[in-house]
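Single chain ahead, written as structure tokens, the form predicted on its own.
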């Protein structure tokens, strides 16, 4: 029987709860106007987010009590199930299309996003596989390519939706895990070159992606279409100043900023809470990632280390992409901000991931 300390990382738990409460507050503030206009209920989005938050917290505490090695035993089956769901979601009439991507399964207002489950399942599967076959990693074909095959399959199915943003998060997270596991740098350079060519091909093959790229370079060329989102986002961030307009006092949420409660919620945070409020959020994220890295460093085995690296890396990549998008540093990708953005699947899986991290921390040296 493995020996481990009984208490989880309470600092990580406290940070997660702080972000959750802040997220629920900002979801209500950012969505109240839209909810009242579209559904006649200013609490429409908050009530749904609160339901998933309760479910997520319950699952987080349940997962926290389960030895993380248990998930490794079921990783292959879970990943296969996710592949099946990614195929099912592509069936017209079964998968729900929103924002140009057929990414959801569900009925009415309640739905799940299989790609979110796939990210967690793939992290667990890859951590298990890499920990068992680490000696093969120096070999290009039997190590690196073999490790990337399940990643590329998931990426391909997600791109059929299409959802480039989620696909990027998935691939980059797995790249970090494989690198930490001990893959050779020269092999990464070879794979990276092919990846860049493939990424350029994906952009060129879709006119709307080219439009997003040109709008990113100069959003004012097309302020009413391609550049509209980033312009409205910057118009929210800039006027917020040092202290912001105050909680609930955003102007851009009045039908100016598209989907203020999801991808662009950080713009509303900056507008209402100002530079100080936005900085507070970023500090919380930094502390969460710091605790994740510490847990990875102190994990008792390679599986635990890679599991913590994967979860922490996934959260870090989503944060960086979302903040970069809303501040105009990269083109719009459709990635939500962990814990803060509205989205049941994303919030639930994020809390489950924190639960796994907390269990790894209980085994820490």
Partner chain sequence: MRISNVTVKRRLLFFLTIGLIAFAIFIARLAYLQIFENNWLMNYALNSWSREIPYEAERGRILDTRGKVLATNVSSPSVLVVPRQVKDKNKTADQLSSVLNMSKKRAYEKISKNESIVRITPEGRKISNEKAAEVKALGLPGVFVAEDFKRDYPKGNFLAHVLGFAGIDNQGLTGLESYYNEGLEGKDGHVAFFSDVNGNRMSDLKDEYIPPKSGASLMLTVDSRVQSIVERELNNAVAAYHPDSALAIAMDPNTGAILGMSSKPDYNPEKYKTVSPDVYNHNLPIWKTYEPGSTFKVITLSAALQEKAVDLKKDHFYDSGSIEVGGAHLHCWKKGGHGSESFLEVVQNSCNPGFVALGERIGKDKLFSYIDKFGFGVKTGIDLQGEAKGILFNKDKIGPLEAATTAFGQGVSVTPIQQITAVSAAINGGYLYQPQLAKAWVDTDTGKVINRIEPVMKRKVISENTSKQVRDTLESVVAQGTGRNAFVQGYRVGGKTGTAQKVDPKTGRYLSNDYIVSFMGFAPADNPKITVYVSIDHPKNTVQFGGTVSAPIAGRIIGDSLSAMGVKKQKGGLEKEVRYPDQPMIKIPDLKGMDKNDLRNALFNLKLETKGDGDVVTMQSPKPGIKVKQGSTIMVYLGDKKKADD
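Everything numeric here is computed off the predicted structure, so don't read it as measured data. Numbering follows the first chain given and starts at 1.
Missing here is the form predicted together with the partner chain; even so, the following discussion is about that form.
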query: With the partner absent here, would 57, 114 and 117 each sit within 4.5 Å of the partner chain in the predicted complex, counting heavy atoms only?
result: no
- request: Would you point out which of 152 to 160, 240 to 248, 75 to 83, 89 to 97 contains residues with a non-hydrogen atom within 4.5 Å of the partner chain in the predicted complex?
  value: 240 to 248
- prompt: Would residue 285 count as a contact of the partner chain in the predicted complex, using a 4.5 angstroms cut-off between non-hydrogen atoms?
  reply: yes
field: Distance check, residue 106 to the partner chain in the predicted complex, heavy atom within 4.5 Å
entry: no
query: With a 4.5 Å heavy atom cut-off, would you call residue 235 a contact of the partner chain in the predicted complex?
result: yes
field: Contact label in the predicted complex: residue 195 to the partner chain, heavy atom within 4.5 Å
entry: no
query: Out of 126, 265, 170, 183, which one falls within 4.5 Å of the partner chain in the predicted complex, going by heavy atoms?
result: 183
- prompt: Quick one: of 190, 200, 293, 145, which gets a non-hydrogen atom within 4.5 angstroms of the partner chain in the predicted complex?
  reply: 293
message: With the partner chain taken in the predicted complex, which residues across 259 to 280 come within 4.5 angstroms through any non-hydrogen atom?
response: 266, 270, 271, 274, 275, 278, 279
